[in-house]
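Next up is one chain by itself, shown in structure tokens, the form predicted alone.
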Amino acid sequence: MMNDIPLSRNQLLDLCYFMRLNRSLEDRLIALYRQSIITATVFTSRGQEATSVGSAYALATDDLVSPITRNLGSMLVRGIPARDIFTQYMGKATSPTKGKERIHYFGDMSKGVVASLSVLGDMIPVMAGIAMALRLQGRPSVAMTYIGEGASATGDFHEGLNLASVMKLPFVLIIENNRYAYSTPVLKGAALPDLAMRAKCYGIPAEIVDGNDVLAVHRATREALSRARAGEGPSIIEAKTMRMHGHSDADSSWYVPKEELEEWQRRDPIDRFDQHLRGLGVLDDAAVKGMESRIHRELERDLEFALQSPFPDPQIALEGVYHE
């Protein structure tokens, strides 16, 4: 575990709580999907929680972040409640998009969360544009988003990063290298073993971190944010991690060798952090039990709200389509 600036006991417990909440919420979404209570495809981040939680926890209140498919943890850290996630996936009238979207591609600017586009890669030029707007407004804020290793081959990846680097925009990109772009191994999608090496083409700094080490991700993100705030331009962080399931809950990971899955299971980010905190004397069985009880109560409360919420009236389909 890496962290050059010690976090307080409460901050360490926060990281532990958010990773556990992330996993528990996604486990509940999978169960609801299998029960046909929700019909939207569920894309989960099992095994990758440290990347989302550690990076988002480093953000300042006025920073802006656009989470993508496997960054539910980032949304939770920024204050998006599980209630919004449940109602969103169920298409309820009480959801952030009032039933018009059934996955967590929504935002809340009051919490600094920018809604993501489902075309992966597109958010790089979008967030670079937001970083430009932040500079024009004279705000000391930074824009951050994520991308998978597969989408790092898109044109928007290169065009957005080139713009951000040339203009030295306050922008941070996190590449979640989870080894498989759907079923394509990373080494068959890129000639470079380390995708962060592409930063050299843009003349910007980059760092490769253990994406299953929440403290390492937090430290690297904090440093990148600090550089951006100081006017030194964008950075790339490549988090090496593993997607411990299929591309979604609708398919399996049959193409991943069993030995590879077993190796990464031993590097589970939540288990590793638990052991680290126990070694520091910050966490014990009673604290874990209390945290799990808290998460269970919160999820049950928010799930009940979602189940009791009405579906939207058909006439609202035309609302919010055109600017009024």
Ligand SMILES: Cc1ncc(C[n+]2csc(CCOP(=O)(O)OP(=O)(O)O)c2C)c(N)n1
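When you see a residue number, it is the position in the sequence shown, counting from 1. Treat the numbers as computed from the prediction; the structure is a model and nothing was measured.
Although not depicted, the form predicted together with this ligand is the subject of the following passage.
Proximity to this ligand in the predicted bound form, single hit among 180, 157, 202, 106 (heavy atom within 4.5 Å): In short, 180.
Listed residue (250, 230, 191, 119) with a non-hydrogen atom within 4.5 angstroms of this ligand in the predicted bound form: After the contact test, the surviving option is 119.
Candidate stretches 217 to 225, 131 to 139, 172 to 180, 87 to 95 - the one whose heavy atoms come within 4.5 Å of this ligand in the predicted bound form: The contacting stretch here is 172 to 180.
Residue contact check: residue 148 to this ligand in the predicted bound form, 4.5 Å heavy atom: Output for residue 148 is yes: heavy atoms within 4.5 Å of this ligand.
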